[in-house]
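There is one chain below, alone, in structure tokens, taken in the form predicted on its own.
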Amino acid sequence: MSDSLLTEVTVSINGATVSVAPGTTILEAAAIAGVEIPTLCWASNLTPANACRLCVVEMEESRTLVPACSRACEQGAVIHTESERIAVNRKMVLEFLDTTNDLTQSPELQELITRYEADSSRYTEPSKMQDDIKIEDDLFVRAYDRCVLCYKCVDACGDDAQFTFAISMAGRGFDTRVSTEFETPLPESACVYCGNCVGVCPTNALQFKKEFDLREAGQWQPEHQTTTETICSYCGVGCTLELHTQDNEIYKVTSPADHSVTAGHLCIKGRFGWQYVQPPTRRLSTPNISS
């Protein structure tokens, strides 16, 4: 029977049988089966980009490894998510990324590097990027030496969320960069500063200016950080905000990717309009009485 006529598709993942709705991806089916598959360019609120190949798995009778993030389950498929072939592939992907990029601010990738024993010192060329950090406003910075070209920011700026299309990939080969049209400065570009690109970046290549300043000053202290959920006060939509604070000071705002209202995306007010909570000029705690 054709997969399109089935009401359920049954597959085997690491020996476990799973029945899912037609069109369900291997990654989604694996999650149902309690199997974790590493991802980088995938996000629950974006269309799969198939850019990183970190999520590839083995499917019997398939000559090549297949991307779990976008490959739909096929009836009767036998899938393996961990094998020597897969481990070697993931190890090489991580080594190539670590060879050219600064991944030190990506804890998830650091854990994968350790798990798969990736050793970027085996490669000497090309060397790590040395791009200067772009600081064009007080909202967020762009550090291209941490950019792994996952396409998440491009998709979030495009028809997956914002429909602004202010950024895209520019250049070729090792010179490929995420850029505005003709490298126009962000304040002069089509960017509306929703910050959705920052919200989906997996490596801190796009980073809130407040977080950047804390790190540069050597004051970044994860052990003193908390996250508090609240509702945005600017309009009646009811977006849920996650306030990330350090020592009772907000340094960034996000939204849950699985939230029914935001799907992780916000506008400029929700993402960056929290400065009024902690204005630079504090009210006097004692009266100023002149003699």
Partner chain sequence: MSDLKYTNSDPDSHERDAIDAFVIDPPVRHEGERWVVSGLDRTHDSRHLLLPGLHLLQNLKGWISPGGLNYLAETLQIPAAEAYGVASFYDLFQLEEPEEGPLHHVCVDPVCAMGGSASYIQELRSNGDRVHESPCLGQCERPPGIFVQIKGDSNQDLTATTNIEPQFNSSSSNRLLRRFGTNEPVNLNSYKEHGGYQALGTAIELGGARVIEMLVESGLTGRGGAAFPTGIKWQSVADHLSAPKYVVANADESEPGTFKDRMILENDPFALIEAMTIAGLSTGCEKGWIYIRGEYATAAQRLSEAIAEAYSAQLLGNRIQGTSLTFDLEIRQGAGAYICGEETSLFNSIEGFRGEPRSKPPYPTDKGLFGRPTIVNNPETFLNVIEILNNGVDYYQSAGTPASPGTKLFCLSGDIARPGLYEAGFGIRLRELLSDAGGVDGDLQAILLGGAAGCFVGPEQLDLPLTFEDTKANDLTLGSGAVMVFSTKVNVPDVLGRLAEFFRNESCGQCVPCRIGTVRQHEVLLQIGADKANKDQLSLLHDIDTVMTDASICGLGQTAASAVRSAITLGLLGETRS
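The structure presented is a predicted model; accordingly, all values stated were derived computationally and were not measured. Positions refer to the first chain, counted from 1. Note that the rigid core is defined as the largest set of C-alphas that superpose within 1.5 Å between two forms.
Heads up, the form predicted together with its partner chain isn't pictured, but that's what we're talking about next.
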Have a look at 207-215, 193-201, 171-179, 135-143 and name the one stretch with heavy atoms inside 4.5 Å of its partner chain in the predicted complex. 171-179
Should the three residues A51, T99 and T124 be counted as contacting its partner chain in the predicted complex, with contact defined as a heavy atom within 4.5 Å for each? yes
Is there a heavy atom of A118 no more than 4.5 Å from a heavy atom of its partner chain in the predicted complex? no
Answer with yes or no whether H80 is in contact with its partner chain in the predicted complex, where contact means some heavy atom within 4.5 Å. no
Considering only heavy atoms, tell me if I37 and its partner chain come within 4.5 Å of each other in the predicted complex. no
Partner contact for E111 in the predicted complex: its partner chain, 4.5 angstroms, heavy atom: no
Considering N248, T64, S260, T228, which brings a non-hydrogen atom within 4.5 Å of its partner chain in the predicted complex? T64
Are there residues in 130-165 with a heavy atom within 4.5 Å of its partner chain in the predicted complex, and which are they, in order? V148, L149, Y151, D159, Q162, F163, F165
Does F165 shift between the shown form and the other one by 2 angstroms or more at the C-alpha, the core having been superposed? no
